[in-house]
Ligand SMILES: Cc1cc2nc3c(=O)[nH]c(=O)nc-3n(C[C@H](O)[C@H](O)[C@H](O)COP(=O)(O)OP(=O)(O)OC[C@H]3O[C@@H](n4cnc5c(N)ncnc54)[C@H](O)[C@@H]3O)c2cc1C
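This document starts with one chain, in the form predicted alone, laid out as structure tokens.
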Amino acid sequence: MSQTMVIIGAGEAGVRAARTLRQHSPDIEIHLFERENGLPYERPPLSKSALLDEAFTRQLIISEEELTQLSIHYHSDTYVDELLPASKQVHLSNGQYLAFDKLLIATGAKARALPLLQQKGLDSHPLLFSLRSAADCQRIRAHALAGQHVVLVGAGFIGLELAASLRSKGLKVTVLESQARILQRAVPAPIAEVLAQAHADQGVDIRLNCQIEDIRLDHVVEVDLVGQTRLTADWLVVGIGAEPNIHLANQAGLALENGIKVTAAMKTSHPDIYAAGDVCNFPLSRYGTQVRLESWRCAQEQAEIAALNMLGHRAQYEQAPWFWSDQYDLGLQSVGLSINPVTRLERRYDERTRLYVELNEQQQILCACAIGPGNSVAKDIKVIERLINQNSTVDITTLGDVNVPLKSLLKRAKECA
């Protein structure tokens, strides 16, 4: 008898899982549910090309033709409003029930709200914006006009990518950050310095160590900062991170811990329910920690692991996580996690091209972050990624010498293996 697989969420993870399931099992029934109307689309371009291109287009993850070819039942007009683990069913918005053999939760994350605006009942004000969906992007596009002044709260990746795009469209941009530097928890200080300078060169006003005292939204935006002059702007964007969409998992009684807690097999506390992507908190054995990450590639890789295990395999997610961001002409890439490093070093190729690496006591690389024009750092990060995933011990002197190609470390690691 054919099994029924249900996937909740048709983002990067959900679609990758559906494709993997079909690739390895031609006979199962696959149901893919998405709360947003329309076909599944890529989210990374929303803060970049989708804002800047002359016409807005969704970059599809999968076409209607491919969904049909793969016999994937795609539901964008009906969504799952309740998960019933005991009976292994989902309740749908049209009132029907659907039984499943295995289920994957890939519901992603939502933009974190600013508590001050929630307390004042202003979280739906027409001058307030966030960016997480195609609808959010279209709303910003419709509102953004050259010469306007926009205030962005948060100097994380979303805030800075938006700042770059809006500045490129001719808006005056002020970014407010509560920390002592941009990307405080995300990238090393030398990398952040390059990016901060790029924004300054483009005329973005980044204000650090900011404490917001009050915000008023009427026909204009007024922001009172502790110890600073009041800011007046045309509109406001909040980009202070994201929260996992755990509503269904919480209702179903699944184990939660900053997201849906899963094993390295992407299995939740229920033996037939899995989770992948931004919504899950997963273990990384090489770092001895449990983390939740918002990463395009991580979502894909975890979805493949989950799908294989839904079919009875015993796959484990063990890859070092990878991330990228494009701002102006600069490309930033990182791989791995900064967990208890004992050695830090930098390969500085020039003022705008740098690679920063952290290692443990065994001289194994924990993580690396690089920045440079275009895609210039991609090859270095790819080499570092291989070294991390191979648990290679490296020579620190060679690693820090910009005149020695990083590829030589791969050769030495192979010889020592």
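Source: prediction; values computed, not measured. Residue positions are given as counts along the sequence shown, with the first one as 1.
Quick note: we don't show the form predicted in complex with the named molecule, though the next part is all about it.
Participant: Though the named molecule is not shown, can you say which of 338, 295, 209, 228 has a heavy atom within 4.5 Å of it in the predicted bound form?
Facilitator: None of the other options qualify; the answer is 295.
Participant: Heavy atom to heavy atom, is residue 301 within 4.5 Å of the named molecule in the predicted bound form?
Facilitator: No, no contact at 4.5 Å.
Participant: Do residue 268 and the named molecule share at least one heavy atom pair within 4.5 Å in the predicted bound form?
Facilitator: No - in the predicted bound form, heavy atoms of residue 268 and the named molecule never come within 4.5 Å of each other.
Participant: Is residue 245 close to the named molecule in the predicted bound form, meaning a heavy atom pair under 4.5 Å apart or at it?
Facilitator: Yes, residue 245 is a contact residue.
Participant: Please tell me whether any heavy atom belonging to residue 66 falls inside 4.5 Å of a heavy atom of the named molecule, as the geometry stands in the predicted bound form.
Facilitator: Heavy-atom contact with the named molecule at 4.5 Å: absent for residue 66.
Participant: Heavy atoms within 4.5 Å of the named molecule in the predicted bound form: which stretch among 363 to 371, 384 to 392, 28 to 36, 349 to 357?
Facilitator: It is 28 to 36 that comes within 4.5 Å of the partner.
Participant: Using a 4.5 Å heavy atom cut-off, are 156, 167 and 240 all in contact with the named molecule in the predicted bound form?
Facilitator: No residue of the spot touches the named molecule in the predicted bound form.
Participant: Do any residues of 108 to 122 have a non-hydrogen atom within 4.5 angstroms of the named molecule in the predicted bound form? If so, which ones, in sequence order?
Facilitator: Result: 108, 109.
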